[in-house]
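Shown below, as structure tokens, is a lone chain in the form predicted alone; questions about how it binds or moves come after it.
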């Protein structure tokens, strides 16, 4: 097996670190060679708060993946999230001055450079510049203008920036585990690779990855990214409120949430309503009390997601809402989402993986699988924005950060 065919990723989440090594197959399929999942320490709401603990969590995860695969993890795709992420849309324009007025690949690079000609604050770093669409002589909706004729080429891009210190701390943890970084990828973009269908991206869809510390949002329209946002509320807040409201240790509240958590008023399949629940350690609670807290918190998260939607979202995102991330495993969350938003709602589960992949077809691993798919598309040159210069932008960012980290 050629080493160049091996693609690896590390999803450093608030509650877990997931390292995956896979072999890229035909048609974008993934033969998973090794998976390592460990509990995260040293992170809060997607941000590193203790470098030593975070680095050790990453090392333990990588070690498990390497033991399962029998290979050494050398370079990885890494997910980035946190409330420090910001995004905006920028336009660029250039003229096609050659006599034949033929758009060439160099013109795409020029127009993207034009869109990037804005001042980035010193405490911010450019993470992604993603083309949303092109216009040629005023004709909008052009997907790929190369080979077409025109005088004026416009591009609208989605620009994502991150706090330099937050990204530096994450890079330092990865490098501290003796791993090189292939690319830094905004996590909702990675999750979208794993769970969204092309027809949903074209029609208009909102993805919400509700993880442990953050809810990562990405809205797609006409096949391109339209909006991204990171909300600092997610599964952690649900567990914390269970612990406070029911007088439980945090770890026990997390177990109760995962085992019995539901947003439905009546337990699925249970004949005795609102009975007492117990764990092996002797703690007992009312099922009704548990799920009243869960439902209230999930309603709040869904309402915050709705605030990120366009005002006429029923028209703009007819494909509805796709929920993923570990919190999407709560029973009845699709029904509650439909009730609150009036949109089609489904839970997105990663597909197209085989090999040592028993745990991966689960919403909790959407980001990890998506990072691998992102890597495949970048390697194969199938993704327009990476072919247009995104990969080089991120590589330059990583090189600059390495110089700062390894001084």
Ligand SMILES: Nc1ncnc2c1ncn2[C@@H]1O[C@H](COP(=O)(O)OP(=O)(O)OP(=O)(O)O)[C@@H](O)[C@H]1O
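Positions refer to the first chain, counted from 1. Because the structure is a prediction, the values reported are computed rather than measured.
Missing here is the form predicted together with the named molecule; even so, the following discussion is about that form.
- Using a 4.5 Å heavy atom cutoff, 13, 325 and 329 all lie near the named molecule in the predicted bound form.
- Across the options 160 to 168, 69 to 77, 84 to 92, 232 to 240, residues that bring heavy atoms within 4.5 Å of the named molecule in the predicted bound form belong to 232 to 240.
- The named molecule in the predicted bound form is approached by residue 254, whose closest heavy atom lies within 4.5 angstroms of it.
- Although the partner is absent here, residue 46 sits close enough that one of its heavy atoms falls within 4.5 Å of the named molecule in the predicted bound form.
- Contact annotation for residue 364: at least one heavy atom lies within 4.5 Å of the named molecule in the predicted bound form.
- Among heavy atoms of residue 320, none comes within 4.5 Å of the named molecule in the predicted bound form.
- Residue 258 is the only one of 109, 265, 258, 98 with a heavy atom lying within 4.5 Å of the named molecule in the predicted bound form.
- Contacts with the named molecule in the predicted bound form, taken as any heavy atom within 4.5 Å, map within 179 to 200 to 187 alone.
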